[in-house]
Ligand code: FAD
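Shown next as structure tokens: one chain only, the form predicted on its own.
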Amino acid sequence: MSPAVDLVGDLRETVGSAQVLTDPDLTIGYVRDWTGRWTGNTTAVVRPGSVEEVQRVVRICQEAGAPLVPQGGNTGLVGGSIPHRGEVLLSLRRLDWLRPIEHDTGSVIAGAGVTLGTLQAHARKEGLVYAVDLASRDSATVGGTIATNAGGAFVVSRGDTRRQVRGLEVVFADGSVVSTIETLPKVSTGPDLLQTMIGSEGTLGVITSARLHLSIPNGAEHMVMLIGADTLADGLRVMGPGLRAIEFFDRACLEAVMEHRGLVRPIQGDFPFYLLVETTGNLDLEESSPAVVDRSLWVYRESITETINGLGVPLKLDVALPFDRMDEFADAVRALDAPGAIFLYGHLAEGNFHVNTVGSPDPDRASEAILGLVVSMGGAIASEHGIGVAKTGWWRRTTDPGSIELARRVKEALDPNRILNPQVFWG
């Protein structure tokens, strides 16, 4: 019997035959990422239903020398949550339990497989809110968003995922479990090493559950407004007290969304950029400023990703630029010799751009050119989607050597045999 067959047999014995998938027709949804750009292959998709089963699966893979890739809702955009070279795919979707909300601590303990949408609904029933929100809320999971330190539209007012995590339960590469989820609201007993798991993209440990902070909603009335803008600099001047979110998208995004969704033009006039602002304060706008107020306007922003994916397999790059170079960057991207349609949108208050191209005959060349512009302007090659496999080379080129060496030491200490998501960062 070959090692691969022995491995699959051991996995089936551990979690049950129904929870180990090897048929390509059944595994395809796990080995292709959300964009459709990245497709890999797997020895088996394993779907444990408890932390104990996760432990046993990890130990089996460790003993067999079989690399594995942890996966949540598979909404990643950089190829970091799929197996590329036959690794075992460890799906955590069945860890989808939620404990009752603890009002005294303002927190809740959630399994890694709980979707953001489910978590948010759970919080709303108790008059609370979970701060992180994404358009993919019904697919993106707690574990996946922690592993990538997801942000979303409300980072400017609520903070990113890291700010919401109060404790973690993690299975390490040797099958051991470390947990800080049963803890007090404030503890100072040395460094919180589990914080290292946030943003580690499944390369250091498998997140199985988390204690998450819940907020009391701001009772103030909030306004949602769409504003036409000639430049992004105009949008930056809009920011002020009470700001909950400020998103931007360009003309190409708006036109594509209107056609895809059959929506009417939401504002009179034609502008290079559109700003979607949610605020509890008053905006300092001139009376003649092109603007419309309507809470339903979010549909134009949240439909962009699905719209672009419907046009073809996109190249999706998530970057950040200094505020004073955002317009320069937008102009430079449009001037690149990279055939294909270009769509620009993002989170204005963070200098964040989602640069999407569709129809480029050479996406890798387009990626190199765009990321080169980012670096030349003092920007960051990854803002909220992570490194994955798409940006491993750029991560090495643009990160301080001392930081890379420190990351290498942590990886070797926690995963000396490199079985956890081996193609991310180090592949």
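Numbering starts at 1 and runs along the sequence shown. Computed from a predicted structure; not experimentally measured.
This next part talks about the form predicted together with this ligand, which is not shown.
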Interface residue in the predicted complex among His84, Arg211, His347, Arg158, criterion: non-hydrogen atom within 4.5 angstroms of this ligand:
His347
Which listed residue (Gly351, Gly73, Gly235, Gly228) meets the criterion of a heavy atom within 4.5 Å of this ligand in the predicted complex?
Gly73
Which of 269-277, 132-140, 328-336, 186-194 sits within 4.5 Å of this ligand in the predicted complex, heavy atom basis:
132-140
Non-hydrogen atom contact Trp34 with this ligand in the predicted complex at 4.5 angstroms:
yes
Considering non-hydrogen atoms and a 4.5 Å limit, does this ligand approach Thr305 in the predicted complex?
yes
Please determine whether Leu77 contacts this ligand in the predicted complex, using a 4.5 Å cut-off between heavy atoms.
yes
Any non-hydrogen atom of Lys391 within 4.5 angstroms of this ligand in the predicted complex
no
Those residues of 142-164 which, in the predicted complex, come within 4.5 Å of this ligand by heavy atom:
Gly143, Gly144, Thr145, Ala147, Thr148, Ala150, Gly151, Gly152
